[in-house]
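Single chain ahead, by itself, as structure tokens, in the form predicted alone.
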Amino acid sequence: MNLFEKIKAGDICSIARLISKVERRDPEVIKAIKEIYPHCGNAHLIGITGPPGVGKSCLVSELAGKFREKNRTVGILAVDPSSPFSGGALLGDRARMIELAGDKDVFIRSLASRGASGGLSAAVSDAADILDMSGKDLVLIETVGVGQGEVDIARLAHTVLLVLMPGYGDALQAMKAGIMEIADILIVNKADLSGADEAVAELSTVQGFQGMREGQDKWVAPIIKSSTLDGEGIEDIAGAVLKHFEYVKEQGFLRKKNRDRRTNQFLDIFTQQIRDEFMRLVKVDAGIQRWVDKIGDLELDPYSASEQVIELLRNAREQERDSRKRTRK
């Protein structure tokens, strides 16, 4: 079997090898991703986000176990802070989820954030597609942390879990203008600590923000207390995750979510390729270098420069269109 067939058959070594190439942005990986792409779109992508220290990793581990009890296959992508030396993930997946390591229907992988502002690395979307094509029913994606601008997970996942813990009241106030709107399920973890009920009450006061998401005003994000020490709330969270996915499908939102994700994925790739190509041309094209020098010497502002490029693209498109019309005649 070739690599594609091995991944489709769920071969763990082949999946791991391709994700490693994705992380390294190995040129060979593009061909494999192109082959995989038409076979994606079956997995339920679940984002788990929240401030550092709220117990996201332990919660992911417990949820994966609960989904396995329901006979669902699971992929886990844990996005960790990057090492400043190697660029790799600082935290090891099996160190945190060792109890899942022996299950052939659970695939666990740490990915380095590599400084991504939204808590996700550029490789996460491709890795999710690989796990999707390999036959995983659910893909759990744990982000580095959470903040006002760290909402990239909402562009990727079908269901987003926001995990907090007692004592995060001040952080909640700081977040509610941004991150609260993306949460489909709100979780107060470490409910064995004092203040859990107060945290639930505070979350309830800002539930009005949930109605601000276009087209999803009928879904009211449940607030669930959980504790990985005694398993409190884990079954409720798993049930809410599956219920939300059914809601998304029934309301006809799934196609829009998938389309928006692919559009954003295309824009990310396109932008990066344009940047890479431009930087290459700067080194070899004297005309472009003189144009860039004008920007550096303040003879041309960056806004006007950008407008000039867009105008060039428009003109090229018009010329191509006119050429096609003449050809038809």
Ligand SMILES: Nc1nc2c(ncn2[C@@H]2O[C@H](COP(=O)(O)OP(=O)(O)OP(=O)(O)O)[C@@H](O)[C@H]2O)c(=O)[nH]1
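The structure presented is a predicted model; accordingly, all values stated were derived computationally and were not measured. A residue's number is simply how far along the shown sequence it sits, counting from 1.
Another form exists, predicted together with the named molecule; not displayed. Remarks below refer to it.
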Checklist entry - Going by a heavy atom distance of 4.5 Å, is residue 57 a contact of the named molecule in the predicted bound form? => result yes
Checklist entry - Does residue 73 make contact with the named molecule in the predicted bound form, using a 4.5 Å heavy atom cut-off? => result no
Checklist entry - With the cut-off set at 4.5 Å between non-hydrogen atoms, does residue 38 touch the named molecule in the predicted bound form? => result no
Item to check | residue 142 within 4.5 Å of the named molecule in the predicted bound form, heavy atoms | outcome: yes
Item to check | Contacting member of 246, 192, 103, 197, with respect to the named molecule in the predicted bound form [4.5 Å, heavy atom] | outcome: 192
Checklist outcome for this item: Heavy atom within 4.5 Å of the named molecule in the predicted bound form, from candidates 80, 137, 202, 129, belongs to 80
Item to check | in the predicted bound form, segment of 223 to 231, 154 to 162, 251 to 259, 103 to 111 with a heavy atom within 4.5 Å of the named molecule | outcome: 223 to 231
